[in-house]
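Just one chain follows, in the form predicted on its own, and it is written as structure tokens.
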């Protein structure tokens, strides 16, 4: 690793002041599960002059209900999300997504803020400098995305605009069905961004002097049925090739509320609004399940080597809907 200055802060205000001082040449560090690897491989477009340790900020480590809103501090660890009785009873999609990330060792140090802000996993972007890099892709000031004509088996099948790298965060997919918002702190105060608007084709909604403070989730119907599922090659630690989060509310046998989010297929999580609309007012049966899966993936534009993701996504949607239908029948 190259030399950098190290600062430890105890408040969001201190962190923002340091970000301002370095003017985009500093990086925040919490769990460090992604940042330290990036620094060791010298992957970033510009090596930071400073690393700001935000772990001592205590008020960012809480999960709390406040006026009906669930608030999760940016420094809440993934293990705490997965094990929280509140999360498992009311927001099980988020708890399950956290449980399925990495290994126990990673979950014990990784944070929700870090997971949402982690860098893309594209091998062209992450090609190490010490073995011939960097590869000047769009994210590093180049003019093209080398994955388009290169090895793109794990890249986007929809929503790609120039860069075809996918959003690697399972938590972002889970939060999308809850219409969660990210609270961003900066020199001018705080602002809220819907989780699906937090991701840009070449980065995040964060400005150079801003940081994620917390995430909040609005109330959801207590009777809703929820499920998260993802497909990986190696079950214990791999990033998702496709993930699906689904929340359904029922009135009798008919669906009264439907939310479906797809992950790892686009630069940001995707809400399948057309598929959700088709479910409303209908019972879940074999015909509806197949229709919904087709509608959810109808706008995909896979590259030559990643069309298999379309079939995986359809299959996961069918499995989720079938499972929620079974649970709904059992619970009535």
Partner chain sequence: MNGKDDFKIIGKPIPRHDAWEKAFGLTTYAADFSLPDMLHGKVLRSKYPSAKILSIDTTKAKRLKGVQAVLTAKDVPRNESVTRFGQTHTVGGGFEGLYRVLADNKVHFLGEAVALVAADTEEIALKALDLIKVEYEPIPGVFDPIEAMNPNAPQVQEGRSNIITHYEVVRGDVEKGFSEADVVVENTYRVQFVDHAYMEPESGVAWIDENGVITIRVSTQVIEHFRGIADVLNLPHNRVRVIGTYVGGGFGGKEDITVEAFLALLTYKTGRPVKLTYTREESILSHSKRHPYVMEYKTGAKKDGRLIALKARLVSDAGAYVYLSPWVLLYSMVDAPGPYRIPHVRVDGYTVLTNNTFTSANRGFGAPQVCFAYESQMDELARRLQMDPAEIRKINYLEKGEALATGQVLNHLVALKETTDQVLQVLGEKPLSKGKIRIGRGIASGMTSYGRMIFLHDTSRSHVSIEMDGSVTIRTGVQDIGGGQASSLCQIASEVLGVPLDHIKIYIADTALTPFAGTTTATRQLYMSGNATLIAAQEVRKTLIQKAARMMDLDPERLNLVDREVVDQGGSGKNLPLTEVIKACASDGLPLYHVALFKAPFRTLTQFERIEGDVFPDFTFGTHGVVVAVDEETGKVQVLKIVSCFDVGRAINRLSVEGQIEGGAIYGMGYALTEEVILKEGITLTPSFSEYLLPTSMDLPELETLLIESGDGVGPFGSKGVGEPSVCSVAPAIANAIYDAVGIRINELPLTPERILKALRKEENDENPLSRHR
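Given the structure is predicted, the values throughout are model-derived calculations rather than measurements. Numbering follows the first chain given and starts at 1.
The same protein also has a form predicted together with the partner chain, omitted here; what follows describes it.
Student: Checking a candidate spot here: are 124, 150 and 232 all in contact with the partner chain in the predicted complex (at least one heavy atom each within 4.5 Å)?
Tutor: Looking in the predicted complex, the three residues 124, 150 and 232 all sit within 4.5 Å of the partner chain (heavy atoms).
Student: How about residue 193: is it within 4.5 Å of the partner chain in the predicted complex, going by heavy atoms?
Tutor: It does not: once the partner chain is placed as it appears in the predicted complex, residue 193 has no heavy atom within 4.5 Å of it.
Student: Under a 4.5 Å heavy atom criterion, is residue 133 part of the interface with the partner chain in the predicted complex?
Tutor: Output for residue 133 is yes: heavy atoms within 4.5 Å of the partner chain.
Student: Mark residue 6 yes when one of its heavy atoms lies within 4.5 Å of a heavy atom of the partner chain in the predicted complex, and no otherwise.
Tutor: Taking the distances in the predicted complex, the answer for residue 6 is no, it never comes within 4.5 Å of the partner chain.
Student: Is residue 238 close to the partner chain in the predicted complex, meaning a heavy atom pair under 4.5 Å apart or at it?
Tutor: So residue 238 counts as contacting the partner chain.
Student: Using a 4.5 Å cut on heavy atoms, which of 198, 154, 91, 228 is close to the partner chain in the predicted complex?
Tutor: Going through each option in turn, the one that passes is 154.
Student: What stretch, of 263 to 271, 24 to 32, 53 to 61, 302 to 310, brings heavy atoms to within 4.5 Å of the partner chain in the predicted complex?
Tutor: Stretch 302 to 310 is the one.
Student: Looking at the partner chain in the predicted complex, which residues in 1 to 22 have at least one heavy atom within 4.5 Å of it?
Tutor: If the 4.5 Å heavy-atom criterion is applied to the partner chain in the predicted complex, 1 to 22 yields 1, 2.
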